[in-house]
Structure formats: C-alpha cells, structure tokens
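In structure tokens, the next block holds one chain alone, the form predicted alone.
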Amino acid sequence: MKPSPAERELSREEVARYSRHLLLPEVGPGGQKALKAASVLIVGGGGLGSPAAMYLAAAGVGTLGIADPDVVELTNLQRQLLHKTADIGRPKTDSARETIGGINPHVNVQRMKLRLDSGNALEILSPYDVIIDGSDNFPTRYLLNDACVILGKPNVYGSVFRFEGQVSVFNPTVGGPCYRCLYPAPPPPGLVQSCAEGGVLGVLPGIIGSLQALEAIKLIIGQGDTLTGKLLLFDALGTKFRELTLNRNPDCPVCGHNPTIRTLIDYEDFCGVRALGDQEGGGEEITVEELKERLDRGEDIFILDVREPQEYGICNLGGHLIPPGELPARIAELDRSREIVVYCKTGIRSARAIETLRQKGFTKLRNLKGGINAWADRIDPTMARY
C-alpha cells in the first residue's frame, strides 16, 4: 500500500539523516520523498542483494522486500555482508531484516522466505516499483525477466563470477531491451559454472550490487542516465569497465512486436534443470557408503577427480585429478578395463564427465552421488568444506 502524502513528509530526524541527499539539487526534498514512497523488491539476499539492500536502506527507500529461501551458511560470509557469523543457520530474510533495521529503522522490510516460481512471481512482484535481480541461477533470471515485462516493471540485473561482473537495466516499457534480447536462450545445463563451483572474489558482488542500488535510485528519483539499453561489464583484476550497447529485439518472444510468451512458463524445464537432474541421478551412481566399503575391501577401483586443482588442494579423496576442461585431451591417462568412479564437488560436473567418457567408448563408469560434499557429510566430518 502506497504511503499517503502526509506519510511521505520527512521528519526532523529524517531531514538530518538524509541531509547530504537534500543538498543535491538532483535529489533534494522531492527526490528524498520519492525514495521514501518507493518500494523495491530484492530477489536474493546474498552477494548482490547484500550491498543493494544496505545502500537502498541507507538512502531511505521506504519499503524493501527481500525474497530468499535459504539460510545463512559459513561460506556466505566472505561476501554477503547482510549476515554475520552469529547468523549461521538462520533464514537470510531474518538476518537481513535485522541488519537493515540497524542501518535505518524507517525502512519497512518485507521478508519472503520462499523461492519465486511461475505460480507466485506475478503476485509477489506486482506491488513493487523496482525489481532487483540478485539471483544466481538461470531459471530465476528468466522468470524475473518475463514477469517484469508482463507487469511493466524495471528489472535491475546483475551477475558475478570469479573476477567479472555485469549490470544492466531491462525496461521495455521505455523502449529498452529485456534479458531475453541479450540472452535469447539459456546455456546448455551445467555448462556454465556457478560461484559455488568456480568461486568469486568477495568484494566483486559489493561493487556490482552497489551499482544495482545506484540504478534503482536513479529510476526512483528520475535523474541521470540509467543502464537501460546498455550492458556494463566490470573486470576486477584489471579494474576496468566496458559498456556495450544493447538493442531491443523486435522478434523477442516476450517484449517484441508480436510476443508469444504472455504468461509465465516452466523455467526449470526451459533451462534444462530437470534434464540435468535426471542425468545426475541416473543408474551409473555409487553412494559414498558403497564406495567406502569397496575401498576398505581393497577392490580395484580407479578414482577420477574432475574438479580444479585449487579444489583438490582444499580436500580430496586421492585418485587421479583431471580438470573437466582437460579431460578430452587426457583420455589416454585412463584405463578402459578398470572400473572408474568419477567425483566432483556435488555430482554435477562428474555426471557431465561420465557422458564425455561414455562417448569415447568407456563403459565401466560410476558417478559418486553427492560428490565430495556427501563424503564430508556422511563419511569424514573432519574433512574441510568449501
């Protein structure tokens, strides 16, 4: 519910709090009142959502929605500043509300401990003025894009991986492109590593999420040039920005002249997530308990690790290390006559490696179900986790 004109007025305390904004002619009292009346939904209370939420709260955005189904984990704390060590195990939405309240008690924080899907997205997004995409997976990105186009909401997009980040504003209502104009189709399932697999420099989401907050503020106060129709690329190692021009695709199935997608679809299926899950859960699996028993009996099993060398250095089951990108060129290192158990962190990359080996004529292949994470959970709890 939108605040009344009286509720939009700034109190004496708020005037002091936002005085540095009020001194800016581009913001002033009118812009600050617009911020107070505005509502922003942040999808994902993690690496991108943390700086976006904190800076929007400090700026005086009146209502912040935080949608995230997860709880705080130790591995989050290197980059997700909404959460503290004491919050491990708590819902991210709860710790986010506490942190935001500590920054600015005037902000109304709306917590949603849930995962957005085709059944709830339109209802959840509808009340908000601006949507910030702080998600980390393709189904949610396409879901948010399509929902924002259908509802006519600006979508402030950001993504990070390793040392690189991207920011844009997808806003077809003012003639700009949407996410599908940039990426018409998702990559093959499992091809693109997640941050959990490839890593991310902790400060990088802080930079990209802060830029998302900046774009949201400009949209709300109606000042400056936004990244509508542009893609901003950031290289953290080189400390370099590049800006690309994005054009709206007239044949886009969502925002084009004759859209064919007018309702939300099954985005897990569209992005091939279920197919990947089926592949991962196929009949070639072996559990960590079964592997432990067979190794204890001294059976002749070849252990193949298809992670990266830095992952192997954190923890490993021994065996032979071949990173997935090197596997096709190093097939000769493997003995077709022996049973090969392939493992990675969770079982996804190893499933892809098995498919590669199967195409090369290998038949005695087993995928370690759950990967080394499952081994650490159920066999060796002293093993380092990452």
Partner chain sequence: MSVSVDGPVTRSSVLDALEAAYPMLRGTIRDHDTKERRPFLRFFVCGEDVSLASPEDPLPEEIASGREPFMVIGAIAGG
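Positions refer to the first chain, counted from 1. Because the structure is a prediction, the values reported are computed rather than measured.
One more form of this protein exists, namely the form predicted in complex with the partner chain; it is left out here, but the text below deals with it.
- Stretch 135-143 is the contacting one of 302-310, 169-177, 263-271, 135-143, since its residues have non-hydrogen atoms within 4.5 Å of the partner chain in the predicted complex.
- Note on contacts: among 239, 85, 247, 258, the single residue with a heavy atom within 4.5 Å of the partner chain in the predicted complex is 247.
- This chain is displayed alone, yet in the predicted complex one of 164, 197, 94, 284 has a heavy atom within 4.5 Å of the partner chain; that residue is 164.
- Contact between residue 186 and the partner chain in the predicted complex is found at the 4.5 Å heavy atom cutoff.
- For residue 125, no non-hydrogen atom is located within 4.5 Å of the partner chain in the predicted complex, even though that partner is not displayed.
- Interface residue remark: residue 291 is not counted as part of the site for the partner chain in the predicted complex, having no heavy atom within 4.5 Å.
- By the criterion of a heavy atom within 4.5 Å, residue 192 is counted among the residues contacting the partner chain in the predicted complex.
- Contact with the partner chain in the predicted complex holds for none of 18, 30 and 151, as no heavy atom of theirs lies within 4.5 Å.
- Of all the residues from 98-129, none has a non-hydrogen atom no more than 4.5 Å from the partner chain in the predicted complex.
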